[in-house]
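Below you will find one chain, with nothing else, as structure tokens; this is the form predicted alone, and questions on how it binds or moves follow later.
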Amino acid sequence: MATLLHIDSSVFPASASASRAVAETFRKAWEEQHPEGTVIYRDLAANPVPHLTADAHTAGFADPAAHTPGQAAAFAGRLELIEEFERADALLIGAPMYNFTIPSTLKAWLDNVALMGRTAGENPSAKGTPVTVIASRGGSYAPGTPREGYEYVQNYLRAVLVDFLGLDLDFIVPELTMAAQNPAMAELIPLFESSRERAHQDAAIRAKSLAERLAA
């Protein structure tokens, strides 16, 4: 049966987080198609992975037999994340926009998983694995909007996930999520609600489509 690796990074619970709520819709639809499948879940806000250290970085390019005790200990944790990533048949990543980019906890996970010569580079080990990113944001950074130039979530993740790791990337973007909380955005509430509904629909459709494709 297929294995889904589900990564959440929002600091808020699902009741207050668009990325978590939409990812939950995706996961439920996935599990309906794969009731006996495996879901590996990491909540990076509740249990952050270590940020990349000098030992963890240099160990990735050194002969394991020559690792110092510090390198060996640091790389063991990194290797666990890499192998978990490689075992997945599909990935689901919740990536809310914080200050124009992804949460630092998600960046730390990516730094640990991306290893040149293994998961990254010319022949990445997880090449072609489908990844769905729920890229929620409080405003809108779509092409043609005033803040288009501040969109560093999709641009960055496309570079890392596609160009570096070789994954098959699909974005679902719930936007204007602050409209209901910010009085200055009150007139945008209908657009927010429309975006939220479309995101949940897209998540369910994407999950079912992927599950059917992997089961074929």
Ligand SMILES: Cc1cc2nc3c(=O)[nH]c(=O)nc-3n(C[C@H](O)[C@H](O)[C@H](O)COP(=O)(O)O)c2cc1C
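Each residue number is its position in the shown sequence, starting from 1. This one's a predicted model, so the numbers in the text were calculated from it and none came from an experiment.
Below, we turn to the form predicted in complex with the ligand, even though it does not appear here.
Taking the shortest heavy atom distance, is S195 within 4.5 Å of the ligand in the predicted bound form?
S195 lies outside the contact set for the ligand.
Mark G139 yes when one of its heavy atoms lies within 4.5 Å of a heavy atom of the ligand in the predicted bound form, and no otherwise.
G139: yes, in contact with the ligand in the predicted bound form.
Under a 4.5 Å heavy atom criterion, is I40 part of the interface with the ligand in the predicted bound form?
Judged by the heavy-atom cut-off of 4.5 Å, I40 is well away from the ligand in the predicted bound form.
Would V49 count as a contact of the ligand in the predicted bound form, using a 4.5 angstroms cut-off between non-hydrogen atoms?
Contact check for V49: no, nothing within 4.5 Å of the ligand in the predicted bound form.
Counting only non-hydrogen atoms, choose the one of 32-40, 172-180, 66-74, 50-58 that falls within 4.5 Å of the ligand in the predicted bound form.
Every other range fails; the passing one is 172-180.
Only counting heavy atoms and a 4.5 Å limit, does any residue of 1-22 reach the ligand in the predicted bound form, and if so which ones?
Contacts from 1-22: S10, F12, A16, S17, A18, S19, R20.
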